[in-house]
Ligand SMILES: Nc1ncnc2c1ncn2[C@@H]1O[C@H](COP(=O)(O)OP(=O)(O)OP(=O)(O)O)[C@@H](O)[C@H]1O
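So this first bit is one chain, no partners, the form predicted on its own, shown in structure tokens.
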């Protein structure tokens, strides 16, 4: 059996619109080991969330995964039927979404929503499922879990709702947890608590995490390995320490320079000039070329491929890999 829990190879998920084809995910590769956290970083529109939805097989029309393989425990999810994927989702692979208020059903008690997952996937009775739901609420640090289990989502704070979402996602003890911007809507104190909670649960349950975020601070705290995405492509792939010590793609360098520093509070924050290109009007060569301060003539006409520049560190850039001829 492969050492990798999830092995994504050359996945392409495109949206076929009336105005043209949007290549939201365009040949993405990455791997996640059991118990590992992979951080996926990039601006809005880089393809992070569509990548996660491709793994879950939840891409809706007019989107479609047209190429590649998504191997989970050695089996290709793209070859699974709808019924087979329904048994995997929420059971072996779970997902935490950005905004829990839109993910939790407002007309059902939070306990009922956790119980539904357990009764569906674990074949539990209502009593067993309720006891497990209370246990999960306690595990994610919710006080008075015996009372909260009978509360509705609107009765809870944003941080509490996010904890409920984590409890629901982990109720069946999945092998892989996909967290799509899990702390975006929370204040920094609650964010820190949620991230600490996810780390503790990872250690306790051995769950691998696919963490989607635009926040490099979160990545530094949580991830073991990182991929940086831009316009549907992976532009850099490295262990987290290597990425922060030696960022090599101009886009990654730009992201790093935009992070505030505690050591130098007078340093002016840099920004990446320009905008992400329109998905229907992508540059002919490197997609980052119009915004890149290091671009050369070759970047305008040729697309760079991911090349290894150090052990486990790959980058998609002619200048970084010295392919300037």
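Bear in mind the structure is a predicted one, so any value in this text is a computation, not a measurement. Numbering follows the first chain given and starts at 1.
The following text describes the form predicted in complex with the named molecule, which does not appear among the structures shown.
Engineer: Partner absent here, but in the model of the complex, which of 286-294, 44-52, 26-34, 66-74 has residues with a heavy atom within 4.5 Å of the named molecule?
Structural biologist: It is the stretch 44-52.
Engineer: Can you pick the one in 181, 112, 151, 92 that has a heavy atom within 4.5 Å of the named molecule in the model of the complex?
Structural biologist: In short, 181.
Engineer: Is residue 17 close to the named molecule in the model of the complex, meaning a heavy atom pair under 4.5 Å apart or at it?
Structural biologist: Looking in the model of the complex, residue contacts with the named molecule include residue 17, since a heavy atom lies within 4.5 Å.
Engineer: Give a yes or no for residue 317: in the model of the complex, does one of its heavy atoms lie within 4.5 Å of a heavy atom belonging to the named molecule?
Structural biologist: Flag for residue 317 set to no.
Engineer: May I ask you to state whether residue 11 is within 4.5 Å of the named molecule in the model of the complex, using heavy atom distances?
Structural biologist: Contact check for residue 11: no, nothing within 4.5 Å of the named molecule in the model of the complex.
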